[in-house]
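Have a look below at one chain only, the form predicted on its own, in structure tokens format.
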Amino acid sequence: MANILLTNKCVRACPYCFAGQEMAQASAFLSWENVVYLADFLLASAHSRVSLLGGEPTLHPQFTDILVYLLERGFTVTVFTSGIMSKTALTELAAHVAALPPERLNFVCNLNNPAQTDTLKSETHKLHDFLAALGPRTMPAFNIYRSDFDIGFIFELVARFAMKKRLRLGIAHPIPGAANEAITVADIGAVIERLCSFRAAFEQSRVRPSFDCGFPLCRITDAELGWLVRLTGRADFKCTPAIDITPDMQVYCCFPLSSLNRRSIYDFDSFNAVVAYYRSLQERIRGDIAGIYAECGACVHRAERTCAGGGVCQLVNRLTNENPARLRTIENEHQACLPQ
């Protein structure tokens, strides 16, 4: 799925922000001309699902117009948001989407625990207003950046605002070449153990955990895995290219890797070519480092593709720290794969 960044402006300054490098750029908004270009580009590639991101995408002065345009073009849209917006913007948004079937438009709301992450009371009030208006269309999401994280507050929000009963969980990865609060490879076992300590809350609320990249299968016990599969019906531990497109039409493979082989969308004649290019880059990196642990190279789960051996950004972070020359070589070698 294509992730379209409507702006690099944000309303928060999360300590783990994996988009920090993008947010540090001069403020920008995706132009209407580029919205139309991307819609044509994606539909010509038979891709009719898009995600709208930022920063905070609702800060775009034409956010609702862009959303309505994409829906009218036949796209299924997911909006990644903090839920923090003005009452005027929220009222306009809610009025436009009220009659839409839920499968056409949904939201993923990134939640921070106010007891563990600095949060203004005004932000909490705006979040609650957003959930009161759009809770049933909204999936909660949580980025784990400390091993003593507490997600108990999310189950309360799900019940109070009738949110979707699926919790998207991500590990905040170190950004190669930058500084952010993140989970190290050594912390992952403790993170999984902590997550499973909320088993009773998951079961009582019937909320299903959903894993973003970075969770390795080998650090989950058979008992924990059995519980996860029983609760969710499946458990994926993979890492695939998440193609992000910036307001200035640059493209890269996910926020933590925004400085790695960053290209222009105009370098490609289809979105399929973009995906193939970054999938090939990931495979080249994994050819040098099989996974985040020494045993990943001989792991049957990795060989059977039931586990990716950790996120590619974790591998790039290791190369950046241990062998930056090799990383540059991989980048240069991959340059030859760019369509001419």
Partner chain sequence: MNTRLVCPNDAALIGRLARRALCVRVTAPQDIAAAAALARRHNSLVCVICETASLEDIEVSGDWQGIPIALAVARTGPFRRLAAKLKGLRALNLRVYLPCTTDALVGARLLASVGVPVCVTLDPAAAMDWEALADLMTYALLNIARHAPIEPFQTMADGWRPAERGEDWGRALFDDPERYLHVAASGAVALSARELAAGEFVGDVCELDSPRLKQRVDERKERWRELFLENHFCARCPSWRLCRGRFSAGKTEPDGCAEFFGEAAEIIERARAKSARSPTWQA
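None of the values given here were measured: they were computed from a predicted structure. Numbering follows the first chain given and starts at 1.
Although it is not shown, the form predicted together with its partner chain is what the next lines describe.
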Discussion item. Counting heavy atoms only and using a 4.5 Å cut-off, do I292, R318 and E322 all touch its partner chain in the predicted bound form?
Written reply: no
Worksheet item: Of the listed stretches (39 to 47, 303 to 311, 52 to 60, 277 to 285), which one has a non-hydrogen atom within 4.5 Å of its partner chain in the predicted bound form?
Response: 39 to 47
Item to complete: Identify which of E224, E92, E123, D187 has a heavy atom within 4.5 Å of its partner chain in the predicted bound form; exactly one of them does.
Response: E92
Discussion item. Which residue, A273, C299, A28, V68, is the contact with its partner chain in the predicted bound form, using a 4.5 Å heavy atom cutoff?
Written reply: V68
Worksheet item: Quick one: does R73 come within 4.5 Å of its partner chain in the predicted bound form, counting heavy atoms only?
Response: yes
Discussion item. Taking any heavy atom pair closer than or equal to 4.5 Å as contact, tell me whether H96 reaches its partner chain in the predicted bound form.
Written reply: yes
